[in-house]
Every structure is written in C-alpha cells, then in structure tokens.
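Okay, here we've got a single chain as structure tokens, the form predicted on its own, with questions on binding and movement later.
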C-alpha cells in the first residue's frame, strides 16, 4: 500500500456526509491493492479455521487488527487516516475491525437497523463513523448495504427483536416507517468504500449472484467518544494523542513483543463482549428493544 500523503475529504463531501449520514464512493485502494488485500483475507480465514477455537469463532471480528498485520496496516492507511482526520479531527482511534461475507444465493437479508443500538457509545453523532471497504464488486444484485438518508438525526430508535431462530440472521429491526426517507443502494468497485454514521438506519439485501461478496469494516472514533455505562472498553490510537483516556489503550501488533498478541486480543475481546452484553440488557430494560409479535 502506498504511504505518501493523501488527500482527505472535500468540504462538499463532508457536508454530504453530515446531511445524509453516509458518503460513497470514496476511493481508498487501487484494484491491485484490493486484490492483494482479498488474498490476505482468504489466508486469514483459512488460518483462523486451522487454529480453531477462539481464532475461528472471532475471525470475522470485532478486533481483527489485534491479530493480523494486514488489518493493523489497513487501519493506518494514509487515505483512511486522511478521511478520518477530515471528519473527526487529528486525534483518532480504531474501535473495531470486522469482515462481512455474504454468501452466494443467500437465504437471508439484513433488517433495517442502527449500529448505535448495540455499540452504546456516547458522542458518536458527530465523532464516529464506519468505513465499509469493498474487496469484491458490490451492488443491489449481491446484497449491498442500503442507507435511509437523514435517519442519523433521529437518535437511537426502538428496535424489534424476533424470538424465531430462523429470523436471527436478520438482526434487530428498527421501529420506523421508512416511506418518508430516500433509500440508497451502495455501489462500489473493489478498493472503494462507503462511510456511515453509526446512527444511520441501514440494512442489506439478498446475494442473488454466484460469488461471495466480501468487505472489511473499520470503526473510527474521536478520542473524546466514550463507552456508555460503567464497564471498560478498549481502542487503538492511530492518529494524534489520546488526552481523554476513555478507552483502555490497545497496542499495535508492530509494537508488541513476540507472543503477546494473543493475550492482548483475548483481553480486548472479553472487555468488548462484556460491555456490549451489558449494554443490550440495559437497552431492553429501557424499552429500546422489544419483542416482535409478527415474527
């Protein structure tokens, strides 16, 4: 990946992101770089399955950057850091890294929802976003992301949860009539990404093609963002300084002594799952997650 200085977002792009809650397409990698990264992802999946147990169960996230150097390098890609600086300022952390694979001829879509419901972070309205980087072509035919413009301004909304096991792949579904909102399908070539606010209502469709759709997601947050509640969480500083100390610091793979990566990874993942589980129980108690009698 190239390392020379790269431009951030233009003022017009920043305004579109603020107004709509999302922005695409944003160029990040060349097609050659995207192909190389796709090879890394395939190797990661094979290695994780071979390692078994914890590695296999967590190969899709939420902290791939703590165990794979390709993911650690990607979070610091100059173009992504320039984009993050445009939206968040100079002090930036990575909160999570995930892989999303949508298998061919899939039988499930993803319900309209908000990431912020389960993330439970304070300050994400203006100080956080997710990068969704395509490693294969993405469009309506293979179940791309869909955004409902402007819904990030509504705050965290109530969601319905199905008790049916067959529906769980769809996830929690937002209680919102989308008829009054313009919806947009994300169309990207390999190496391009979309950006979205963690409060934007979004979902995805069915993969009707014969190829697996593959993307990498990175959650960037300003250092002023903090976990809600009283349980700790961790994040990796990738730009500037962390003067707020709201998150326990993660250490880049490049700076860790041999053999320490597994320990750091397990600690960070345990904190994340403990906090998110606690947050979801609190959301249910507060009435933000309710049973769906129709599913």
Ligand SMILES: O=C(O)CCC(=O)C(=O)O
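Model, not experiment: these values are computed from the prediction. Numbering follows the first chain given and starts at 1.
What comes next is about the form predicted in complex with this ligand, which is not displayed.
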item	value
Full three-residue contact with this ligand in the model of the complex, heavy atom 4.5 Å, for 102, 110 and 204	yes
Per-stretch contact check against this ligand in the model of the complex, the hit in 173-181, 125-133, 149-157, 77-85 (non-hydrogen atom, 4.5 angstroms)	125-133
Partner-contacting position among 71, 145, 93, 188 - heavy atom within 4.5 Å of this ligand in the model of the complex	145
Close approach of residue 120 to this ligand in the model of the complex, 4.5 Å, heavy atom	no
Contact flag, residue 223 vs this ligand in the model of the complex, heavy atom cut 4.5 Å	no
is_contact(residue 215, this ligand) in the model of the complex, heavy atom dist at most 4.5 Å	yes
